[in-house]
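Just one chain is shown here, as structure tokens, and it is the form predicted on its own.
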Amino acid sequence: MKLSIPQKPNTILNTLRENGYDAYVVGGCVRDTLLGLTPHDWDICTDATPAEIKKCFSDFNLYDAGEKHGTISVVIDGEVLEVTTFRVDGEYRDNRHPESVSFTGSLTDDLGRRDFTVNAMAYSDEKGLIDPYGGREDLRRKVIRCVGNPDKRFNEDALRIMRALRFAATYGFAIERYTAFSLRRNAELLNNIAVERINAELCRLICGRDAEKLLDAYRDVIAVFIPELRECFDFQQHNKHHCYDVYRHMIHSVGRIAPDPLLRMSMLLHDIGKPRSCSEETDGTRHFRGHQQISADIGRDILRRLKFPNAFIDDSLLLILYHDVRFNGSKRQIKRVLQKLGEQNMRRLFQVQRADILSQSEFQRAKKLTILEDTIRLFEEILRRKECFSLKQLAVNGRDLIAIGVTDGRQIGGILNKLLNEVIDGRLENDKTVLLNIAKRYYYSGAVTEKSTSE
């Protein structure tokens, strides 16, 4: 078997070999190549020490920030490639980083410290595939299995718990039995991991092709860092529009939307407030009035705690808040929502609503989808005709109002918003002359008061 290695990593391999050292590509690049995928990174391991690596590549730009752990970064034509000395790790005290590392001449020992068998393979053209822990067979069987004792692996680095879920979701693999038992048993160790790292793995997990399956099977693990989800587990909706409990409805919708972190996180949280808003009729039918706002409030806490960017949080909360808006075929209504969300989030909202509908019962599903398609058609017509739905499109602006004598900033804002509402409602034409005449009337009559401008 021969793997095709790109020119730049091959340059590093050849340089090390020419200087008398063993060198291999290792880890994810070997795994992905065996799966027929294109690797994102090519990592190299060698028996050369960091000092020897630097000597071999003295003519290249180098970064040695990772030298303590055996890693020297070599820059070739603008690409950074990591070269790491064979090593074994010392004691782990924080469930994340070894207290020390020691260098070794054994590739097998180096591979033995890695997380999963599918990541514990190395390759060189000279020696072929080096696979002491059965990674290639696990790839064939589509299994994620820890190297050695899974309890030890997860206690060394608890982030491996999330990596196991992420790999399984991404590649459509199963998690091997003993690895799965250990993963669940050690899930609370995730509390020792920086939320930024959990965030990165979660986003990749939920965008995996088997995200729904993993979120279902390992829901207690996810609830370690999103405990609010526990309220939704097995919470039956008892409503003709739904055929799943709240949690399974949400994860089903995750699998029905494009694999984008913003969309998928929004679906994972969009109904999280239902248990707190539940009311029940005498016949057992349940309703969830106001769950949109409650879900957005809970979602805000979760997204902030997981340190998502502010823009991500703002967009996600808008989608959660508006996910259940019932469009009625009115352009006026569409423009109102469009005014609040903007074009990009409106398009996202349509994806959210489609995923939501497809995750409900079949009751009126065809009708709901037809209404959604009609709404999208009207939305596109509004954009195509450049119909006004925002202050940016209004034929007058603040400078125009200043020119007619309106100088108070709050009054300017109030008048513009009132004009926009009149245009959206179809009571005024979006024409500069018409709008300025009405603006003068508002101003001189005092129709826009301090109270109305602050609303």
Ligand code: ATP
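No experiment lies behind these values; they were computed from the predicted model shown. Don't overthink the numbering: it's just position in the shown sequence, from 1.
Same protein, other form: the form predicted together with this ligand, not shown, and the subject of what follows.
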Among 138, 115, 131, 210, which has at least one heavy atom within 4.5 Å of this ligand in the predicted complex?
115
Pick from 119, 375, 71, 359: which residue has any heavy atom within 4.5 angstroms of this ligand in the predicted complex?
119
Taking 4.5 angstroms as the heavy atom distance cut-off, pick the stretch from 409-417, 385-393, 46-54, 22-30 that is near this ligand in the predicted complex.
22-30
Hey, in the predicted complex, is residue 157 touching this ligand, heavy atoms inside 4.5 Å?
yes
Do residue 167 and this ligand come within 4.5 Å of each other in the predicted complex, heavy atoms counted?
yes
Can any non-hydrogen atom of residue 67 be found within 4.5 angstroms of this ligand in the predicted complex?
no
Considering non-hydrogen atoms and a 4.5 Å limit, does this ligand approach residue 399 in the predicted complex?
no
